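Have a look below at one chain only, the form predicted alone, in structure tokens format.
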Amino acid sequence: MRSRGVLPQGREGETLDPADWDALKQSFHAAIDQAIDRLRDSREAPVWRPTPDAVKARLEAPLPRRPEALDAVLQRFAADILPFGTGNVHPRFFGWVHGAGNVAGALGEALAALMNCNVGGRDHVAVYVERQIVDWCKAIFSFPAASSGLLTSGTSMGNVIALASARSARAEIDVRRHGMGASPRPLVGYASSEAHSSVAKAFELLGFGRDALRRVPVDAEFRLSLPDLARLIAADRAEGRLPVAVVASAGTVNTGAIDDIAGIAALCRKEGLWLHIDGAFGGLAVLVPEFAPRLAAIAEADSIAFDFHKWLQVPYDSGGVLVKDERAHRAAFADRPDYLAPAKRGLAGGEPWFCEYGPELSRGFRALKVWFTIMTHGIDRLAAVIARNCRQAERLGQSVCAARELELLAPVSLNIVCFRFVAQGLDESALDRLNEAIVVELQLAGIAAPSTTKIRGRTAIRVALTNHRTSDDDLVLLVSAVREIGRELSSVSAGGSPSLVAAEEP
């Protein structure tokens, strides 16, 4: 029935709503203007600023008991929080694999927060927006329309969800009811030695145990070795274990290497194993014609996890997972107690609910910022960013090879460049310390923010290009700064290494 008569109004002080909505809008506009101005001017600022001790101290204040005016809180935000972010919005942020975000996606995030939807299930529009995003992802990765999927906090959670589906589908018992300890044979899986640490964490969380993840050696291009994979599978079967799944990397985190997905898929079919793809960032390179043939076999996989917040430039956090066998996916998570009973009509409708495909019942409206990003930029423009970053990585690799003091440590296969500064007269241990110090100096000076990694035991300066704001000039500046800082530090170190020791302390 429709409501009749005068609607009740809450009295001031009984709700958390403002007394003056117009004043609230003015405060919101001022705060958003300030944040957008900082984003607009990011190139002029240091890439990264360490949080000052005074700010840290203020952020250790005791629990507030009394309210503070919103404008005063916004002043605190502007002074103590806004200037000291990760730095990944800056065009010379090259560390780890962080996307730069985009303003349309940020607007979607804000609007989603104002709508405040729980997308665990029920019949409301946020569910249909997420379903649309999932359908778009099926199209991107050539998964069947009948596949299932949902949005996640990122690939780490996506890997857990996909491997939980694999575990339930391939185990010889009802794992959800009886637990892994009841399995007549130990379950094992496989990933390359270059696979992301989240894969091992997934094995731990799901009860396989870290030792059940077989780390397969890699070839000269850091791709999973197929002969070694076949050998390990055969050895496990011979020793009474049950091989369950293989995790292939579509872009390893260290070097960007793409495993031979087609070859791994063929072996998985032969052996009856579940093939999962960790496509955190590299999977989306399937949108680029140059890389699509190397990634086309993703369509043969049983599942894939990927991130929107990396190469699709959606604000953090936003990832996704697709599972080809919807029944296996749902069987791994479905649980509908009485208080979540479905209905054919009303708000309790909207079948199936997303909570039946993952561990979370409370789920935010992540899909809206993805929807805003794709709708306002179009997938072709986003793909062009991916292509440009890969071309930039190729050119950076060429620049490294052409520079007398720099050494390329791994092939440039996608968007990651691993290199080091080499100074005459320093042994490998000293070169490791020198390159660690160079990275720290770059960060502290606000010039650039690469990260470090180990490539065959040697410390590398690692540059990951997933930023739509990065220009070729930014990479020229990076190379110049690495050489300049490397010369300065190696010159001082010849007199006793004081600069290298000091640089390790921050």
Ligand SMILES: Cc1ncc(COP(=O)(O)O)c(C=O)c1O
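Residue numbers run from 1 along the displayed sequence. Bear in mind that the values here come from a model prediction, so they are computed numbers and not experimental data.
What comes next is about the form predicted together with the named molecule, which is not displayed.
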Interface check vs the named molecule in the predicted complex: of 97, 295, 355, 390, the one with a heavy atom inside 4.5 Å is 97
If we test each of 88, 102, 156, 148 for a heavy atom within 4.5 Å of the named molecule in the predicted complex, the one that passes is 156
Does any part of residue 309 reach within 4.5 Å of the named molecule in the predicted complex? Heavy atoms only, please.
yes
Review point. Quick one: does residue 175 come within 4.5 Å of the named molecule in the predicted complex, counting heavy atoms only?
Key: no
Taking the shortest heavy atom distance, is residue 278 within 4.5 Å of the named molecule in the predicted complex? yes
Using the partner position in the predicted complex, report whether residue 167 sits within 4.5 Å of the named molecule, counting heavy atoms only.
no
Of the candidate stretches 128-136, 428-436, 339-347, 193-201, the one with residues having heavy atoms within 4.5 Å of the named molecule in the predicted complex is 193-201
